[in-house]
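The data below hold one chain only, encoded as structure tokens and taken in the form predicted alone.
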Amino acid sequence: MSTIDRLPPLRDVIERHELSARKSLGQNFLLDLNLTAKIARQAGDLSQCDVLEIGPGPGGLTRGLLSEGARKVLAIEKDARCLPALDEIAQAYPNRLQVIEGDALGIDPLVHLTPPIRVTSNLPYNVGTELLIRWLTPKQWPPYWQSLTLMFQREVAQRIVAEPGSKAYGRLALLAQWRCDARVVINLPPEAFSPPPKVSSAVVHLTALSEPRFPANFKTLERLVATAFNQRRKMLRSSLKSISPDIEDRLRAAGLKPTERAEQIPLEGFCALAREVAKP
């Protein structure tokens, strides 16, 4: 099926508006509207939700979200060339699509959204990880969003869902899994995009937990994780010696072996260590 609504196929839209993807903006357009609707469905029932979309481009996923029943979509697009195509979608779905031109890193979407809110985006590769970290580290938890359904390079997706002992396991996995349930829901080959990127992609669905999985002070936990994985090949007693002069005692008190390495420590272990380090 070339379309999911009465609007033209996406390839025709791109050709008519001369929307060649720009590498500088991290653009790779997903043309299969069946696929964009499938991605939208991974976010669940959207009929009672506002949806935030970053980098809609010519609007493939935007149309998927709207056709799947999203109450409202707020689309933030940096590339002014895409605005006429998005305006056509807004006219086809009256009062359900709001488009803001600008950089998502500098815009507060909450001014334009009404809870419950979900985030669903084919993120530009060049800002995807930074946006994810911002969504995972708000000043208050629970966050303003219920879930994140996001497309990344497959390598980044694997880092989000990685388990201890794997090469992909690190700060991103711990940050995501401390406060969310995270899973890969769709894998996509390069040829699904125009132009095809050099790497495969994947869609990750993250559901916000009402509270962190294990108790820990966020700043302490983040500092521990960043320090440990900055020298991931070293034993914890060496990589974390800058954290505390008696780090070996604190590691043992947390139930961890000082000779273990960061990639061997599960989330629960890092949280236990964060609680020990926070003690006087």
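Please read these numbers as outputs of a predicted model, since none were measured by experiment. Residue positions are given as counts along the sequence shown, with the first one as 1.
Another form exists, predicted in complex with a small molecule; not displayed. Remarks below refer to it.
With the small molecule left out of view, which of P164, P143, P124, P116 would have a heavy atom within 4.5 Å of it in the predicted bound form? In short, P124.
Check for me whether the small molecule, as it appears in the predicted bound form, comes within 4.5 angstroms of all of D5, G64 and Y93 - heavy atoms only. Looking in the predicted bound form, the three residues D5, G64 and Y93 all stay beyond 4.5 Å of the small molecule (heavy atoms).
In the predicted bound form, which of 199 to 207, 101 to 109, 177 to 185, 133 to 141 comes within 4.5 Å of the small molecule (heavy atoms)? Careful reading of the contacts points to 101 to 109.
Considering only heavy atoms, tell me if D79 and the small molecule come within 4.5 Å of each other in the predicted bound form. Judged by the heavy-atom cut-off of 4.5 Å, D79 is in contact with the small molecule in the predicted bound form.
Although the small molecule is absent from this view, report whether G26 comes within 4.5 Å of it in the predicted bound form, heavy atoms only. Close contact exists here: in the predicted bound form, G26 approaches the small molecule to within 4.5 Å, heavy atoms only.
Any of the heavy atoms of L251 lying within 4.5 Å of the small molecule in the predicted bound form? Contact check for L251: no, nothing within 4.5 Å of the small molecule in the predicted bound form.
Does the small molecule get within 4.5 angstroms of any non-hydrogen atom of L30 in the predicted bound form? Answer yes; at least one heavy atom of L30 falls within 4.5 Å of the small molecule in the predicted bound form.
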